[in-house]
Every structure is written in structure tokens, then in C-alpha cells.
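First, one chain by itself in C-alpha cells, the form predicted alone.
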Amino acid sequence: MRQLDREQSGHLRHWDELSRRQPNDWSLMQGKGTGQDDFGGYRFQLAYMVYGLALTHRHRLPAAPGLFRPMMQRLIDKLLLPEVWMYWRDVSRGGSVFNAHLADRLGEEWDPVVRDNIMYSAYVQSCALLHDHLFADDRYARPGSLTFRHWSFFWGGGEKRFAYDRDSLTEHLYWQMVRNGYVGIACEPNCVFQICNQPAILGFRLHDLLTGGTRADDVVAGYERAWAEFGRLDAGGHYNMMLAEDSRAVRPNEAPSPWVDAWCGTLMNTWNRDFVRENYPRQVADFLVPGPDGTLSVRSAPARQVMGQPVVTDTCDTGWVAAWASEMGDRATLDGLLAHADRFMAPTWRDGALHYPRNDTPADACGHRTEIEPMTGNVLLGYARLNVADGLWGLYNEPWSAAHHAEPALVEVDRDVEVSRAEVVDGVLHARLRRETAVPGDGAVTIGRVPAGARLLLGGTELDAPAVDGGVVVRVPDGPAVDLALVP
């Protein structure tokens, strides 16, 4: 029986609360970096909440689309907001240590997906496709369904509007891959990161599942050929971080930095599992610090100085190593990291929602790591708790069949209903539901795809529930969690 525990349900509740914030209310999501151009940016927090929801729906609560679908839509809406992508207007001009020599050839680019910027475009693509694949929907196939727009009364002239959809964006990214010789698409100008091209490969696979194409196979084969020239790993056995497009110079994971290996390994497991798993034990051992009572923390690389300036950025090392361990099925490491977070990183509950608030202090008086970023505390520790071994691999390689979408399911779930179980076993829909009275809502769930003559039981008592638009509405009583069963 698949059932969420209190902490897992708490993370889902927190993501739901963040998804419901008013536009441009980013409370609890602001990190140390400025300008949204680092690894803790809003785009990454939003995208990995979508990924975490997809993994939870696929592997833990497969019969609760009504819980996940609205949440994913709200997060994707936020992913399209100018506050999330306007960093590209500046980053597109270059001027960093990796592309300063190109700055005179680069101009200000407002369209956030037209060139480079795979660190954003691939997440828009893959999140939209996750939605449509998991819910057998064409929401993001509609023309203009993924539109980036900005207009200000005070500056900038006329409206900037760039209209895409899941198909046109996938087509655009595919041909960028082809033109770049399959080595990948740049994040910042001239900088092709291994990490940031993995979500695009997942997106191509999901698009193939929806359309019957084979572009993921084509891209993976081309990517393998292209990177064979450079090697995925550096001399120390860690993932090469990036490739300079013009010089073809490879930048290794020189420190090494935990986030490079953990982020890349987590995502690459979708299509290259044997390679990732072969290298994981040796790589992760370089980053783990044993603590009291079986806890584990992550040793970050020293902060860099560039152009005489300290680099202020959210590395999200703890969160990424936890996500990596979850994908690898390394329960001992994951449990140790979560135990450390629960002991030293101030887990915070509010109205049934759990997160770990930002803390910029590196360590406590005893040397135990306390530093945590919003990306880790809002998203990645929850992602790691909710994921299963080979969770992303399963999304990529073991998709649901059409029959799944004909089974009974919770197709609507009120905001105040906590779902800790939702699956169909031998034709019977099983759910465990609890009403969170501190949250607004009517305490209702709607069961759809109900077979004729089915019997509905709540807490073991048969109900004569009303049918609405082909579904059956059930009110969840106050009190402890209650079991629901729909028996054909």
C-alpha cells in the first residue's frame, strides 16, 4: 500500500500554498543571489516543484489527478511571469568571465527561449509536457499557451509578447540541438552545461510519448557522440560542468562542487542509468560529512572570487545531494541528510505545511551545517522525500498506458483535503483522506470515471453519494484520516 507520511503530506501542502500566492508574491522564495540568475532562482524552485508533483503523482498517488493538476497549472502560470525570466534581458548580452569576449556581438534579447537560455526554456518545455502527459491533456498544445509577455506603463515602449506552445517550443529546441551538433544548448551565451540539457531530453521523450515521435532517441544518440569527444567526467571522476561553445574548452568540476555531480546525476539517470549508478558511490562519498546519531551533512566547495569579487549565490548543495540520493535509491544517505535537516535546519510547520526556512549562517557553534537556501528548504528536501528510487527513470521509461486514464480517480480535490493514499488495486479505488480545518475549503472530493453499479464506502460505511457531471462527490468529515473505497 502506497501512503504518504506526515512530512511528505506537509511538503505537498507547502507547494500548494506557494502555488496559490498572488502574482509576484515571492515570500519565502528569495535567495542570496540577485537578479534571478543563480541556482536558487524562482524558475528552478517552480520547475522542481512541478517535477516533484509529477513524481509523487506517478509513483505514490496515481489515482489523484485532481490534487496535482491544478497545482501544476498554477506553478506553470508562475513560471511564465516576467519576474521569473527577465534576467535573460541582461544575461543575454554577455559580459561574464565566460563570454566577455563576445559582448560586442551580443545584444539585449527579450524573448527568453529564442536562443541559449536552456536553463529556462527546457523547464518550460518539460513542465508543460509533464502536465499533458500525466493528465492525457492538450492544454499546452494550444497555440499561445506558453506565452511570455511584458509591458510597463513606465518604460520599454510597446508590449513584448512571444507566443509558443509545447509543440513549437519542442521543435525550436530540437533544431537548436541539431545546429549545435547535439552537444547541447547554452545556458548563458557560450556556456553549455551538461546539467541544463537533461530536462530538454526529458521533454523530448515526453513529447514523443504524446505524439509518437522518436526525437529523444535521436538527441540521446547525438549527445552521446558529441560528448564522447570531451568525456562526461573530469580527471577526478566528477561530471564535467560545462563546455565553451567557441573554444570547445571543457570546464571540470574542479573544486569539486556537490551541486554539479548531484544535479547532473539526478537528471541524467532518466536515460543513462547504468553510467550514473556506476559512478555515484565514489562521487557522493567526496561530499558527505558524518554527524551525530547517524546524521549526514554536505561539504560545500569554498566560495569563489571572480574579478576580485566574492560570488554570492545559492549552491543548493544539501538539497541536490538529497535529490540525487533519492533517485539512486540510497536510503541510508537520504535518511542521514533528512535527519540532519530535521535536527539543525529548523523544520517549520504552518497549517499542515512543512518547509525549512532560509538561513545564511553556515554552521552552529558546534560546527553543524545550518545554512539552507529556499531552493533546498522549499523544494528539494520535499522532492527527495517524495521521490522513489529511479523516479525520473520511471517517468522516462515506464509511462502510463491509456488504460490508466480510464480508471476511477479523484478528479477534483478541495484545498482543505489532504490525500495520503490514492491508487487502484484490482479494480478498486482506495484513498485515505483527511480534512485540514486550518485551511479554507468545503472538504469535498469528486470521484470520476465511476463504473456503473459501483459501491462507495467511507470509513467502512456504504454511502449513497450524489452524482455531479458524471462524478460522485464525497464530503470528508472532520477528524482523523478516513479510508474511502470505490468497489466495482
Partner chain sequence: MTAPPIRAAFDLVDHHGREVTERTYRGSWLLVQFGFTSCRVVCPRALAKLSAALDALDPPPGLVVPLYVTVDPERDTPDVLRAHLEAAHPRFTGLTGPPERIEEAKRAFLVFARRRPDPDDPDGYAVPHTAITYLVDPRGRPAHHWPDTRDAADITADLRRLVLSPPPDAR
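Numbering follows the first chain given and starts at 1. The model shown is predicted, which means the values in this text are computed figures rather than measured ones.
From this point on, the text means the form predicted in complex with the partner chain, which you will not see here.
In the predicted bound form, the partner chain sits within 4.5 Å of a heavy atom of Trp175. In the predicted bound form, the partner chain lies farther than 4.5 Å from every heavy atom of Asp342. By the criterion of a heavy atom within 4.5 Å, Asp90 is excluded from the residues contacting the partner chain in the predicted bound form. Within 4.5 Å of some heavy atom of the partner chain in the predicted bound form lies at least one heavy atom of Arg225. Asn180 is the sole member of Asn397, Asn180, Ser96, Ser168 with a non-hydrogen atom lying within 4.5 angstroms of the partner chain in the predicted bound form. Checking Ala221, Cys366, Ala403, Ala332 against the partner chain in the predicted bound form, a heavy atom within 4.5 Å turns up for just one residue: Ala221. Heavy atoms within 4.5 Å of the partner chain in the predicted bound form map, among the stretches 353-361, 260-268, 127-135, 212-220, onto 212-220 alone.
Residues are counted as partner-facing when one of their heavy atoms sits within 4.5 Å of the partner chain in the predicted bound form; in 235-255 these are Glu245, Asp246, Arg248, in sequence order.
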